[in-house]
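Let's start with one chain on its own, the form predicted alone, as structure tokens.
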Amino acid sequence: MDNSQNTEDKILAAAREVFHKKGLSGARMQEIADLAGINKSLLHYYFRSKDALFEKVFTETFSQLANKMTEIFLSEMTLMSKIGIFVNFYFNFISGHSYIVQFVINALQDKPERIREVILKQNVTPEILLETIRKQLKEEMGLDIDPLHIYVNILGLVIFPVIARPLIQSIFAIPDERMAVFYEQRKKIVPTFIENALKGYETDRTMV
């Protein structure tokens, strides 16, 4: 049993490395087998197809984000506390797993429904997360806003700088050390930006 688990762990470690770099279409089972130090027949014994192996790696990778996202947004904290903690977690997580955002995007291009399938496996539906945000916007700030706008704004503000990192660094000639500082700064800037935007929206409504 230990040997079997050890072999599967080696396969998954190799698959993560190959899939993260090359995505589903660019990966080859032989390459994964070679990296894991096993023959291709043994690889197929554990995972009958590349799609099955990719599904395992994708679910494992995205679940780390989905679990934390669910934990934070269904907690009893205030909405702004949730946003601040999520943003902080995201940038900390991405700093050690910089390949994940592109990995998820590549996966979505191949099979968009994968994201929802993974989230549903956490026993929470996205609609529940949105309803929680809607309720807190109303109770804490007196705002009747479609929570999807808030959620998309959060994701856009944290995901885009990671996706666009090569473009940003190329245009502005920014070294890796400066990008690390930039990401650290965004941990504070993004929650403040969202909070000020909501306060501004609240002020505009009272002035009408």
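Model, not experiment: these values are computed from the prediction. Residue indices: 1-based, along the sequence shown. Take the two forms, superpose them, and find the largest set of C-alpha atoms that agree within 1.5 Å; that set is the rigid core.
The same protein also has a form predicted together with another copy of the chain, omitted here; what follows describes it.
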Among Ile94, Ile72, Ile115, Met80, just one has a heavy atom within 4.5 Å of another copy of the chain in the model of the complex, namely Ile115
Proximity to another copy of the chain in the model of the complex, single hit among Met29, Met141, Ile159, Leu35 (heavy atom within 4.5 Å): Ile159
Can you tell me whether Ile194 touches another copy of the chain? I mean in the model of the complex, with a 4.5 angstroms heavy atom cut-off. yes
Answer yes if any heavy atom of Phe172 is within 4.5 Å of a heavy atom of another copy of the chain in the model of the complex; otherwise answer no. yes
Interface membership of Ala13, another copy of the chain in the model of the complex, 4.5 Å heavy atom rule: no
Would you classify Phe62 as touching another copy of the chain in the model of the complex, given a 4.5 Å non-hydrogen atom cut-off? yes
Pull the contact list for 142-157: residues with a heavy atom within 4.5 Å of another copy of the chain in the model of the complex, in sequence order. Asp146, Leu148, His149, Ile150, Tyr151, Val152, Asn153, Leu155, Gly156, Leu157
Spell out whether the Cα of Ile115 moves at least 2 Å between this form and the one not shown when the two forms are superposed on their rigid core. yes
Does superposing the core leave Arg28 with a CA shift of 2 Å or more between this form and the one not shown? yes
